[in-house]
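The form predicted on its own is given below as one chain in structure tokens.
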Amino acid sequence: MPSKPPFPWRGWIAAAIVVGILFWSARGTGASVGAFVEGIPEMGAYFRKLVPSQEKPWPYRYLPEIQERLVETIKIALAATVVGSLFSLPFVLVGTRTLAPGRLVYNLWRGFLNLLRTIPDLVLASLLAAAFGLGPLPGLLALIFFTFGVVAKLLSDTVETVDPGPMEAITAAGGTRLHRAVFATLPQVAPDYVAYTLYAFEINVRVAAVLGLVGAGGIGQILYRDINFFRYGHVGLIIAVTFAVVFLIDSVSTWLRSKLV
């Protein structure tokens, strides 16, 4: 007769801890199902205000300005993605555990990446806007830092898991650290590098739209203006057009990444 499996007490304890943390968090934040249900009619009323046809004159003549700002947002995201991902590549190839010249360099590189990724995008964009003024430049610089951190982190983790065989062969043949990086590591991680860059571009398009709220250019800047002036029809049109464009970009990028990895 087979023995009875032991009671999974560890799983039940972990589940109880998670539930307890959930209730503690809900109580601390004032989350309430009743308040959510009571607020549904207000949410519905606000969403009805966002329908462009509810505003007279119709805001569709506003489309050219939306198009101009949306193109600016895409340009910011594209330029930041290209510059940030290109800058990340040489640092990754010499700052990972398998290629770093020493433990100190590796620890400094990892610490710098962790520090860079802890700075919120809006905080960084606000600081840059204060330094360089309002416009696309602060948003571009903020996204370059963001892209650098994201791509460098993902690619560093990938480099440390590649097949060490080619690097050992190059080392045995008298190759340098640069030879190992360029001829053994880079060919193995190139598809992942392109995929991470496309992924960063997806995020940058969405983040670039939000950075306009702090004066960093793009579609977010006129969205913030229209919210302040209670132009709900304009706000609804901006959201609808932005959603359509971001959805299209995400779909194409996801398809391309599926072909690469």
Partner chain sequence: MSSSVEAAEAKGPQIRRTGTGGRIRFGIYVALSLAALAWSFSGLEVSGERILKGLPQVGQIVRQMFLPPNWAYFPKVAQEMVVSLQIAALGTAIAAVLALPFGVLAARNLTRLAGLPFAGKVLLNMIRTFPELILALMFIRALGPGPFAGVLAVGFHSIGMIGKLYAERIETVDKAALEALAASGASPIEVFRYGVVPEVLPDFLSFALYRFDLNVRAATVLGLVGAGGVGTLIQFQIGRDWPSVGMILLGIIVTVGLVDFVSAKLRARLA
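Everything quoted here is computed from the prediction, not taken from an experiment. Residue numbers count along the first chain shown, from 1. Only the largest set of C-alpha atoms that superpose within 1.5 Å between the two forms is called the rigid core.
Not on display, but discussed next: the form predicted in complex with the partner chain.
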In the predicted bound form, residue 223 touching the partner chain (heavy atom, 4.5 Å): yes
Close approach of residue 187 to the partner chain in the predicted bound form, 4.5 Å, heavy atom: yes
Proximity of residue 63 to the partner chain in the predicted bound form, heavy atoms at 4.5 Å: no
Contact flag, residue 191 vs the partner chain in the predicted bound form, heavy atom cut 4.5 Å: yes
Members of 238-259 lying within 4.5 angstroms of the partner chain, judged by heavy atom, in the predicted bound form: 239, 243, 246, 247, 250, 254, 257, 258
Core-aligned C-alpha movement of residue 38 between this form and the one not shown reaching 2 Å: yes
Exceeds or equals 2 Å, Cα of residue 243 between this form and the one not shown, core fit: no
Yes/no, residue 29 Cα shift of 2 Å or more between this form and the one not shown with rigid core fixed: yes
